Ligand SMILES: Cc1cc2nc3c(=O)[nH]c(=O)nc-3n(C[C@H](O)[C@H](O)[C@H](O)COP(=O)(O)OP(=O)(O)OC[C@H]3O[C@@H](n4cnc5c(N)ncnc54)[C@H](O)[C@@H]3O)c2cc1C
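Shown below, as structure tokens, is a lone chain in the form predicted alone; questions about how it binds or moves come after it.
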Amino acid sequence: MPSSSNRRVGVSRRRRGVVVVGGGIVGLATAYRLLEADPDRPVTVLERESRVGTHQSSRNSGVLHAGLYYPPGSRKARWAVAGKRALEAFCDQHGVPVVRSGKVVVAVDPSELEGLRRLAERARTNGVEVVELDADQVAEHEPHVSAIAGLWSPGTAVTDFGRVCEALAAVVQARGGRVLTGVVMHHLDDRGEVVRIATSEDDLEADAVVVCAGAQADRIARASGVDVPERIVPFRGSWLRLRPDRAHLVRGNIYPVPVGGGLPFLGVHLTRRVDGEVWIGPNAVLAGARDAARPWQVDPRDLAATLGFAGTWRLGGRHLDVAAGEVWRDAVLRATLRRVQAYVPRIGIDDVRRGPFGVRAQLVSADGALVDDFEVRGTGRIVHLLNAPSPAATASLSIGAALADEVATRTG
């Protein structure tokens, strides 16, 4: 991947341009949209890791969501539907693989039929094509699924979001932007007409700054003067890998009916990725570190922030049974497998291996509610993307366009 690392940046005094903090998929998509709107504008992306897209952007199953689940009119609904179209076109143009494998949402018990019906209604309200299936029709799409009914989403696809990040970075640089890796942003100082950015390499000046910092978003926002009563609470999601010789049991994407109850997690699902591997998961357990490199890593500062926040305890109290079940299934492989076997009974304990994990940065309010929608706030010439969980990767080009519009508004 083309990148410029550890370089000092000369910024024009007449037009300082925009600095984007964070080289994940949304930060890179924002830089791409800024240059698309104004090719002459200097744009610089700061990424603290040695490569772009190493956290949430590449630690996921790669599903391009069609937009079934999200409340009509919400940013998630609008930006996922439009963003998926834009991202598919970008991938096709720049040689990033996309497999349009579709998704079956399956009901295995009569109690789930009403939830399936509501999901179909929501999808159609969002302008997403879905087809209701009986048991035989489910088997036509996924022969090894046991279900009484289902919902077929032909628009669901999979890609490699890590490769999308690399392609976005390459295009940004080809258009004159800069992607600086290994550069840590220390402080932002909005001085009215200019924002000063203190980094590990040099001090920069910009006409505006967009912060897409994922798990650190709330801290950076508060440090730059934004009132953020909520907190980022990190959740670790781990996957299982299906043995290659058993991958034929899954053709595309198999999802359960969402449980609802105020939790935006979509449950344990099965995804055939672009490389042909089948991943099962993820779960959702409290993480001990926001940027964990290992599943059980603990960062004392992060853990203290999570446990010292009243919203964490209220969230846990509200969903104690769900939290206990997630921890149990995380520790006991057979417990996870029993859930999977409810709709793919032929998968056995010898067919799976523990796989990768990722950390979801989730904004939680003080009353213990998970902030479900994308959240954008700002002050002066600094724009903060505070909450960008799934389907942020799918919606990245739409989010980037909205953040670019916000920059235009704030800089006139």
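These figures come from a predicted structure and were not determined experimentally. Counting begins at 1, following the sequence as shown.
There is also a form predicted together with this ligand; it is not shown, and the following applies to it.
Only one segment in the set 35-43, 383-391, 364-372, 345-353 has residues whose heavy atoms sit within 4.5 Å of this ligand in the model of the complex; it is 383-391. The candidate spot formed by 63, 213 and 282 lies fully in contact with this ligand in the model of the complex, as each residue has a heavy atom within 4.5 Å of it. Among residues of the shown chain, residue 397 is not one whose heavy atoms approach this ligand to within 4.5 Å in the model of the complex. Proximity of residue 404 to this ligand in the model of the complex: non-hydrogen atoms within 4.5 Å are absent; the residue sits far from the partner. Among residues of the shown chain, residue 25 is one whose heavy atoms approach this ligand to within 4.5 Å in the model of the complex. Contact check for residue 377: no non-hydrogen atom falls within 4.5 Å of this ligand in the model of the complex. Within 4.5 angstroms of this ligand in the model of the complex, the stretch 156-171 places a non-hydrogen atom from 161 alone.
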